[in-house]
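Take a look at this single chain, the form predicted on its own, given in structure tokens.
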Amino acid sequence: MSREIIGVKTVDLRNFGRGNYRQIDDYAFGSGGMVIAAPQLKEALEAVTSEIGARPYVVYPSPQGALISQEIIESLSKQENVAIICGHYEGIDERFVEKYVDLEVSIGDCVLTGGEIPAMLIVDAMSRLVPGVVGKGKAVIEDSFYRGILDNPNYTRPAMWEGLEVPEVLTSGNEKEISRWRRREAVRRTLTRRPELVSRASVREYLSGVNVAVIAETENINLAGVSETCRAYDAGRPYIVANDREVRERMKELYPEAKIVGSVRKILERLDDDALTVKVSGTSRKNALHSLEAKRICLEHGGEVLFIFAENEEDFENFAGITSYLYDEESEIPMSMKIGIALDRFLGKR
């Protein structure tokens, strides 16, 4: 039974062709192959617009387009109507592209006979994001690329096949351990096969815990803003490290939403023994790592992480951990903004 969740309609360009042969193409100026003409394309688009009552979002698959990605598919799925132009031969008249095409996309560095297969790919990928198309909605979220990370390996019966056995954890019945194994294997596969995807991924769900600490010399930091930022990125209540006892007492009165402590050591005592410390600097420092490299290390670690920020970054020298930087150039960044930028790079949703 049709549920009419999505609708796909094909439009034959020949219906708008010229002459007895309903011609839709012509030779390219300056020599070359055949090119689909602009007037016929415009008439077809106008017919579609008239039928649906609004101009659709026009997509043209071509080798000159942006490489298709899950982000592009998600953006297209938000459109009410999408019209996909299927090119042939040498393509379509560039003037139509300039005036009417909203997005050019490429499915990769290969040559096809026409745009029908890329159009099918786009329609299929968009359809999966429409509620009700995929039976199990959670499956869409767990797919490769949806979170910016490749999918974990999957197995089915028999448990032993041609000398290869299913990983023991998957047959253990321990859902917590199975979930942890799947996250770990998804990370390992991504770092091995497609490390460039790390820039797109949020590492939050691949870590057992995320904590934020600010080393403060005064109570002048916008701790209310810091707390709001931490909540937005599911990093819990921030730790505020103040060596001066009087400063700590004033902070406790002003910011009860923060956890005020006297040293970083006090924080580490509350965390897992193998917690990873990431000292985040506003600018590049000696031995500091690019944020993407630090993000990769966090993914490989997979455990608890403590992000540390400081009013005076010389305090970083007092304890161990990796150092990541936000910018190459010298810049003065307010603490709440610095924390927001860093957490978005590590924990932001693609």
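Quantities reported herein were computed from a predicted structural model and do not represent experimental measurements. Numbers follow the displayed sequence, beginning with 1.
Beyond what is shown, the protein has a form predicted together with adenine (ADE); the following relates to that form.
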Item to check | Stretch in contact in the predicted complex with adenine (ADE), which is absent here, among 75-83, 157-165, 108-116, 170-178 (heavy atoms within 4.5 Å) | outcome: 108-116
Next on the checklist: Taking adenine (ADE) as it sits in the predicted complex, is Q70 in contact with it (heavy atom to heavy atom, 4.5 Å or less)?
Outcome noted: no
Item to check | Partner contact for S291 in the predicted complex: adenine (ADE), 4.5 angstroms, heavy atom | outcome: no
Checklist entry - Taking heavy atoms only, is G33 within 4.5 angstroms of adenine (ADE) in the predicted complex? => result no
Item to check | Exercise: T323 in contact with adenine (ADE) in the predicted complex, heavy atom 4.5 Å | outcome: no
Item to check | Residues of stretch 58-79 in contact with adenine (ADE) in the predicted complex (4.5 Å, non-hydrogen atom) | outcome: P61, S62, P63
